[in-house]
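Listed next as C-alpha cells is one chain, alone, in the form predicted on its own.
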Amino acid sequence: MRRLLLIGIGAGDPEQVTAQAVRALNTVDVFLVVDKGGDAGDLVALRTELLERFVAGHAYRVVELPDPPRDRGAAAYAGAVDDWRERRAEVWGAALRDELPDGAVGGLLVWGDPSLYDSTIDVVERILRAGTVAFEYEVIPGISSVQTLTARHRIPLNRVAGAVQITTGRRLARDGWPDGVDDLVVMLDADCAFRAVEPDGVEIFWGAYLGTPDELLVAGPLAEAAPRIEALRAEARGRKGWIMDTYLLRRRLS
C-alpha cells in the first residue's frame, strides 16, 4: 500500500520545522511539490531548501505539480473553490498513481498547518473518494501563521477566560465583525478587509511573510496602523508579486 504524509512545515522559518516533521521527511521517497507558477516560485525554492537542510542520507525524488488556475473573482465563490479543489484532486491523484510506486512513501510539504485554512486534507479525501489510486495517509501538524504572529508580537492569542474566533477576510468584508467577539483572527485577506471595521477601541496585530527574511510586522490602534499596513502591503506585493499575511483584531476591554 502506498503511504502519503501531509507534513506541516511552519509559516516560513526553517527553525519551525518540528522534530516529528524531520523524522517524516526522512522516510519520504517521492515529494510532490505544488508549483503555483509566476512570482510564487520562491515558495517552491523554500521547500527545496528545507529538503536539502533536513533530509540526510535518504534518497528521494521531487515531482513538481502545476497548480490549476483558480478564479478568485468568481461571484459564486464556494463553487469556484470546489471546482479548483476537484481539478487539484485530478492532478494530484494522477501523480500519486503514476509517480509513487506501491509500497513507497509520498510527501506533501504543507505551508503552516494542514488542518487550519488549508485545502490539502480535503483534496486528498477527494482523491480517495474518486478511487484514482489507493493509499493511506497521515497528517503531521505544523506551526501555523497564527502561532507565529502572536509569538512575533509577544502576545497571547487569548485573554483570560476569553474566546478567539478565526475567520477570513472575505467573511469579515461581507458580514462585518461577528457579534459577541472581542478577539478576531483574520486569514486569507486579499483586500485589507480591516478597512471596513469601525476602528474606535480596536487594536491590530498584523504580520506578513511571517518567519521569512521578508517578514513585516505592524501593531497598534487600528486607526493609526491601517494606513501604514496598506502602504507596506502594496509595496511588498508589488516587489514580490504575492503576499501572505495574517492579523489579530482585538477590542480594548473597559
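Heads up: residue numbers just count along the shown sequence, starting at 1. Computed from a predicted structure; not experimentally measured.
Form predicted together with another copy of the chain: not shown, discussed below.
Although the partner is absent here, residue 129 lies well away from another copy of the chain in the predicted bound form, with no heavy atom inside 4.5 Å. Heavy atoms of residue 100 never reach within 4.5 Å of another copy of the chain in the predicted bound form, leaving it off the interface.
Although the partner is absent here, residue 141 is a contact residue: one of its heavy atoms lies within 4.5 angstroms of another copy of the chain in the predicted bound form. Among residues of the shown chain, residue 239 is not one whose heavy atoms approach another copy of the chain to within 4.5 Å in the predicted bound form. Contact annotation for 1-22: residues with any non-hydrogen atom within 4.5 angstroms of another copy of the chain in the predicted bound form are 13, 15, 16, 17, 18, 19, 20, listed in sequence order.
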